[in-house]
Each structure stands twice: as C-alpha cells, then as structure tokens.
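Before any questions on how it binds or moves, here is one chain, the form predicted alone, in structure tokens.
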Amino acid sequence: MELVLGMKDSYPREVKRKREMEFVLRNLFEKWGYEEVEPPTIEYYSTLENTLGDEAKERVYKFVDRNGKLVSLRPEFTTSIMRMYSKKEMRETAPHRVYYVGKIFRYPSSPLRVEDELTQLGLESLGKNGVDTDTEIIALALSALLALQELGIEDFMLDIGHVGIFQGVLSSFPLSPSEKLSLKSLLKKKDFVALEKFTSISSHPLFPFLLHLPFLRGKREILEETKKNYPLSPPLIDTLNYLGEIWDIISDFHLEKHAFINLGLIRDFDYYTGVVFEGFSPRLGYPLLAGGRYDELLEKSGSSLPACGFALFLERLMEVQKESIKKDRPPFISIAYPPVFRSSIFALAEKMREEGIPIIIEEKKGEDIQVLQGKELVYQGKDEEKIKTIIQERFKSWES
C-alpha cells in the first residue's frame, strides 16, 4: 500500500498546526471584511486553458470524465473564483471581498521538489483597481505573515514587483513570442550565460537593464537609483512611480520593515497584469505566499472584472515554523470504568467536556475506576468527586 508520488499523509500533530494557522488567518481576513467561498475541486480544462500560461499548463493534473470531457484538478484558486464571479449579476454587484482555503494540485516546477498537493489559504478583492486596493492587498499579506509570528513564523520578507517592468523591457526587443518566453524563463532562473547568447538584443540600450533586473532589489531608494542609472521609457518610469506610491502607503501603515522592492520579480502564472508580490523565508527556497493583480483574466471569455489577491502555502509555512513556540498538548485524559459506573461516568465526562476538557471514556473489567493521562495511571478507585478534581487540576496545569 504505497502513497501516490507527490501526495502527503498528514498526522494529528501536523493537522493541528495547520488548523491553528487557518484559525489565525480566517480571523484576520474576516476582520478586514472578507467572506469565505468554496469553489469546486474540479474544473473543465477549457476554463483553465484560457487563463494559464504554457508553462503552468504543463503542470496541471488533467483527465477525461465519464462524459468524455477534459477536466482538471484545480492548480490554483484564482481562476475558479473568477469563474464564480464572472456571472453578470455578480459583476454588477461588485466589489466583492472573499477568501478561501483548500487543496490545490499541480506537478512541481522543480525536479528537486515533490509536492503535487498543497493547501492554500488566500483572498481576492474583486471589482476594484487602483493603488489603494493594491496596497490593501499587500498590507493584508504582510499582516497575515505578522499574525503568524505567534505560531513561530518569524523570518520572512515580502518582495513587491510589477509585471509592467519585464513586459516593458520585452516590448522594446525585436524578439518572437517563443524567444520572449525563453528569455523570461532564463531570467527567472538567473541563467546569465544563456542570456548572453541573445546576441540579437545584446547591443540594445536596455539589455544591461535586463541583465541587472534580478539584482535590482531594496527599499524605496532602489526606484530612484534605477531611474537614474538606466535609459528607461516613460511607461517604465510610470511603473516605477506606481511602486513608489505603494511603498509610501505601506510606510504610512508602518508595515515596511519586512517589505522590499524587487524589480526582477517574475511570477509563474501569465495572467498577472500589474503589481505582483511574493513572501519568502531564508529557511526555504520556495515562496510562502504569492499574489498580484490580474484585471484581464476574464477577457478571453468576454467578461471584465478587475481583481487582486494572494495565497499562502500552509505546508511551506509549516516547514519554516519554529515548533517550540507553542508547547504540545499533553496526552488525552481517559477514564476506564466497570459497567456499573457507566451512567455516572458518562455524566461526569459530559460535564468535563462542557468545561472544555477533552475526555476519552471506555469500559473495562474489574471493580475500580482508572484515570490515565496517556499511559500514566493518575488515579485508581471509586471516588468520582476526586476523579473530577484530579482531571480539572491536570487540565488547568497544562492550560497555564
């Protein structure tokens, strides 16, 4: 009985840690006015085909259903939620603020990692665009990581970029669509040896800017330095100014400590149209959080709905979590009793549970009642009041 490659079994301790994260994040999102939605696990592949780039399509789990239609396990939530809100009545009642939690399925982007099944918890702001909305989403992403500090997520940073930077550079080069796709892949991998082989653009005045993009990262001053050091077009300067506005608002929110401008940030999915961002930890080489703006995702289906959002990867967050931040719950308390005490022990257990104390009860042979914590015998006898006191003291000791 083998586990399917790429899938993962989660045992009680791991599930408990995951649920604690979910509780913190759900509480945060709802305080900001977001409501939970639940899209289906399976979508028609044609729905995803209109929104995913070529690279992302290669990572999709797809199969034929019994009606002969090609379907897919969702590789992310954004497309499903946009489909939900693409209906006319939903677009007309925008804006909508929603969040979600659930599994996504996609083949990994690197042969060094096997994680085809991941849990995402994220949100989408639908029906509004502009610097205020973009900054709210980024502020919420930072606030989410900050809220998780109480669970041991401490070393993190959020890189903020814009697809207009890379697209603006690409549009200046005389390259075919396939060459541009190749260039994007090489830049993301920081393969500078291969990049140098693009001799057709090596003499272009923006080629040095392209090569330096992966290193143009810092606080607000990186924007002014970039405008000073490279011959940028007006649209590229406008994009840098937009990032400057976002930074100023984040600073007003006092959230800039963990934020960085990253002009070379490139996302996996091709549907992003504006600001993009990723959350990282130095303890892991993959994003803990990712998001951005995607105003044109529905245009191929004839609809229009501006949107911005992000998702956190809970399993990755658990990889960088310092488990010692919260002590583990001690073993459950159990009461083993002879049948003659069945009625009174059941009533006692219910009373304890009402007080928030987890209790396991089970019948046994013999004359005495036994109280155990895990395998430790803490009481043996027939005094039910004493049993109640012992259990309350044990639980109170752990709670404190």
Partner chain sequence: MGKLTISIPTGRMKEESLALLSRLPQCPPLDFVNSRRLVVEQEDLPWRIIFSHPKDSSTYVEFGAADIGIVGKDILLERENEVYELLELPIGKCTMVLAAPLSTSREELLEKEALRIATTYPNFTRRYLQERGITANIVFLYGSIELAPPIGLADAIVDLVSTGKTLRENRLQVVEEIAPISGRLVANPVSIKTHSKEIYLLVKELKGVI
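Just so you know, these numbers come straight off a predicted model, no measurement behind them. Positions refer to the first chain, counted from 1.
Here the subject shifts to the form predicted together with the partner chain, a form of this protein not shown in this document.
- No residue in the set 235, 245 and 274 has a non-hydrogen atom no more than 4.5 Å from the partner chain in the predicted complex.
- Heavy atoms within 4.5 Å of the partner chain in the predicted complex are found in one stretch of 135-143, 215-223, 73-81, 89-97, which is 215-223.
- None of 206, 157, 147, 175 but one reaches within 4.5 angstroms of the partner chain in the predicted complex through a heavy atom, and that residue is 157.
- Contact with the partner chain in the predicted complex, judged by any heavy atom within 4.5 Å, is made by just one of 189, 322, 257, 228: 189.
- Residue 285 belongs to the set of residues with a heavy atom inside 4.5 Å of the partner chain in the predicted complex.
- By the criterion of a heavy atom within 4.5 Å, residue 101 is excluded from the residues contacting the partner chain in the predicted complex.
- At the 4.5 Å threshold, heavy atoms of residue 329 stay clear of the partner chain in the predicted complex, well away from it.
- The closest non-hydrogen atom of residue 264 lies within 4.5 Å of the partner chain in the predicted complex.
- Looking at 119-147, no residue comes within 4.5 Å of the partner chain in the predicted complex, counting any heavy atom.
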